[in-house]
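First structure 1, then structure 2: two forms of the same chain, each alone, as structure tokens.
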Structure 1
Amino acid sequence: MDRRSFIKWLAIGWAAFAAVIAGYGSLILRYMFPNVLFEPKQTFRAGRLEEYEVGKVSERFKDQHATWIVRDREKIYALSTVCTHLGCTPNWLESDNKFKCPCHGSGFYKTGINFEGPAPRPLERFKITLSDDGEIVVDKTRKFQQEKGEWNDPESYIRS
């Protein structure tokens, strides 16, 4: 083997070695900086009581916070937009006055009670309070389930 061939093969060998080391280095860096799913805050301000009409369902926070704000004559509450059957997002049908899940046909009254389809239980409510300045604050870290009798908890609604 002549001198030029030796230097050429030596350069190829070092380049291959450097490529392997760079590959392992990238794996180590990837391990040091994993994928992180950034979720929106679990507590948010939903405006003032006056902004919600009696007898109406507000879909203002459906996409961003997965929450419906419902106001009836006596109280205002925050419902989860997650169907209790398989986790799809039901749609509010104003004309039928109900929530209807497009995945398997579960139906829920405005209160969140299930009345048709395969959903095994009512929708969940989130903690809802009034702040000192009069704004509605919804806390999604605290959930209330009707079948456990938690809808009677004063933190699951606000008297309107």
Structure 2
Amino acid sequence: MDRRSFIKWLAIGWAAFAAVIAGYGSLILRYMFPNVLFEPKQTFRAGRLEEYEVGKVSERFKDQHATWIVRDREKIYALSTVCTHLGCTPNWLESDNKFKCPCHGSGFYKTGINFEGPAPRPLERFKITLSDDGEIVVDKTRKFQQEKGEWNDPESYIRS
């Protein structure tokens, strides 16, 4: 074997070795992402429109489904209770008329728009629809973000 072909075979050998190592690495990485998640269901029924007062924030589903249902004069929408800063759960302060996050002090208006503290963007809204029997259905798998202009999407609110 001459020098040139030796170097060639050496290169091929090392390249194959590197490829195998990279392959194992990516397999291990993929291993950390399971195919099935055993997490609770992401849609829930939230009762009828009449159950929500205009201008109020309902905390009925905060504990169970991490959702606030807010009704104003025109719309009813479902706000996620996950702070867009680092995922704490803000508190609704009725007297101050705002959501305030206890972790880093982000504040949000009733609409979910951020106005103080470190939160970089407004709270997310969930898909909210009326079922055939007139009940509100919230689907948490579909999210609407204000900064992407998605709050005008007809699925992100119900007319009240």
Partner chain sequence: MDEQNGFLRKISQTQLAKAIFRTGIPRNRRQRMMIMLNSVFLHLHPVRLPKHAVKVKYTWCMGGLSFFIFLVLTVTGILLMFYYRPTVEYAYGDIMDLKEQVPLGIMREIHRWGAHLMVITVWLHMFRVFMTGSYKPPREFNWAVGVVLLVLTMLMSFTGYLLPWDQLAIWAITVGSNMAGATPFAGTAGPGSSLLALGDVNFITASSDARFAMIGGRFIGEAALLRFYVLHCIGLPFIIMIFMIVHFWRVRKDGGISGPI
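Quick note, the numbers are simply positions in structure 1, starting from 1. Residues that one form lacks are left out of the comparison. Because the structure is predicted, anything quoted here is derived from the model rather than measured. If you superpose the two forms and keep the largest set of C-alpha atoms that fall within 1.5 Å, you have the rigid core.
Which depiction, structure 1 or structure 2, is to be taken as the form predicted alone?
Structure 1 is the matching one, since it is the form predicted alone.
Note yes or no: does the Cα of G13 move by 2 Å or more between the two structures after the core is superposed?
Where the cores coincide, G13 still shows a C-alpha shift between the two structures that is 2 Å or more.
Could you check whether the CA atom of E39 moves 2 Å or more between the two structures, using the rigid core for the fit?
Shift at E39: 2 Å or more after core fit.
After a core superposition, which runs of 3 or more consecutive residues shift by at least 2 Å in C-alpha position between the two structures?
After core superposition, the one displaced run is 1 to 40.
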